[in-house]
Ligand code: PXG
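We begin with a single chain expressed as structure tokens, specifically the form predicted on its own.
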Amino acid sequence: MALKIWLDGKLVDEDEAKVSVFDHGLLYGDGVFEGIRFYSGRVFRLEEHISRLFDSAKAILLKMPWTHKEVCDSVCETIAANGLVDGYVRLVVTRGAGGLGLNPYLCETPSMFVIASSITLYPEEHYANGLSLVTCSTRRPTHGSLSPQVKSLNYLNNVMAKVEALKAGAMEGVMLNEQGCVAECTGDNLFILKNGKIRTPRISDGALDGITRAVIFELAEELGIPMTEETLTRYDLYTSEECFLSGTAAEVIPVVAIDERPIGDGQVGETFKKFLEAFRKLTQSTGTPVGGA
């Protein structure tokens, strides 16, 4: 059955969901996006995702013609129209159609579309057995070029790092900043356990201020596990006792090796299992009902 896509205020069949070849989102990667999860008919952390979307848009001077509530409603409407209970939403706002050339003011009206479907970022066995990572040579963009906090449509940096990881036989790669410190992975935030404390890269080191990352902070407090943001090096990763990743699409997934170094004893850690259990419980018990944003 064809998916229903929310496109600029209307639900259309997926084969009718089209944008102009003059859209600056297509021509120049000029736009922003969010990935959002829904579980058991409830959208997880919807308000936080939409707030971040508006922040990204503001940072690139993209004026949103929709209200916060209208965008939330579009997400719920799209999920309901497709009869979905569990899945993933990709929400995209482009600069809109305009003439050739970088000038964003040639685009009169932004365009927005919402896709609700399923996603499998990693095979299920990796959630039980863990991932092996490699370090990528492609560096995370600096705050001096484009803030890593902007979830822009120009994702080529992450794509090329992902290619590096895949060609090396890994499903995910660690990205460093220009100083050689750990920023994050190509699509996920990264956490390590050492001496009973969870450590994760600082936002200032290039990590995205992820929605799921914030959930991990909340869960750490509930579980009584100390957690800090720190500048991390690859040495810190190699010598950690446990490692795991978080992200909207990935959810929470363990890591058992980095650059051929086993993490801890090379097995999925007990601390990770506590986070996974708590995370899954949370996603099933909270969220915005699809029936009303």
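Heads up: residue numbers just count along the shown sequence, starting at 1. Please read all numbers here as calculations on a predicted model, not as lab measurements.
Just so you know, the form predicted in complex with the ligand exists too; it's not on screen, but the next bit is about it.
Colleague: Does any heavy atom of G130 come within 4.5 Å of a heavy atom of the ligand in the predicted bound form?
Modeller: G130: no contact with the ligand in the predicted bound form.
Colleague: Is R52 close enough to the ligand in the predicted bound form to count, meaning some heavy atom within 4.5 Å?
Modeller: Output for R52 is yes: heavy atoms within 4.5 Å of the ligand.
Colleague: Does S240 reach the ligand in the predicted bound form if we count a contact as any heavy atom within 4.5 Å?
Modeller: The answer is no: S240 has no heavy atom within 4.5 Å of the ligand.
Colleague: Tell me, yes or no, whether R140 is in contact with the ligand in the predicted bound form, where a contact means a heavy atom of each within 4.5 Å.
Modeller: Result yes; R140 sits at the interface with the ligand in the predicted bound form.
Colleague: Taking K18, T78 and S111 as the candidate spot, are all three within 4.5 angstroms of the ligand in the predicted bound form by heavy atoms?
Modeller: No, because K18, T78 and S111 lack any heavy atom that approaches the ligand to within 4.5 Å in the predicted bound form.
Colleague: Within 4.5 Å of the ligand in the predicted bound form, counting heavy atoms only, one of 67-75, 218-226, 88-96, 193-201 shows up; tell me which.
Modeller: Of the stretches listed, the one contacting the partner is 88-96.
Colleague: Would you mind picking the one in N82, T135, N177, N158 that has a heavy atom within 4.5 Å of the ligand in the predicted bound form?
Modeller: So the residue touching the ligand in the predicted bound form, by this definition, is N158.
Colleague: Name the residue from L153, A170, L208, I115 that puts a heavy atom within 4.5 Å of the ligand in the predicted bound form.
Modeller: Only one listed residue qualifies here, and that residue is L208.
Colleague: Can you name the residues of 211-242 that have a non-hydrogen atom within 4.5 angstroms of the ligand in the predicted bound form?
Modeller: Stretch hits, in order: I211, T212, R213.
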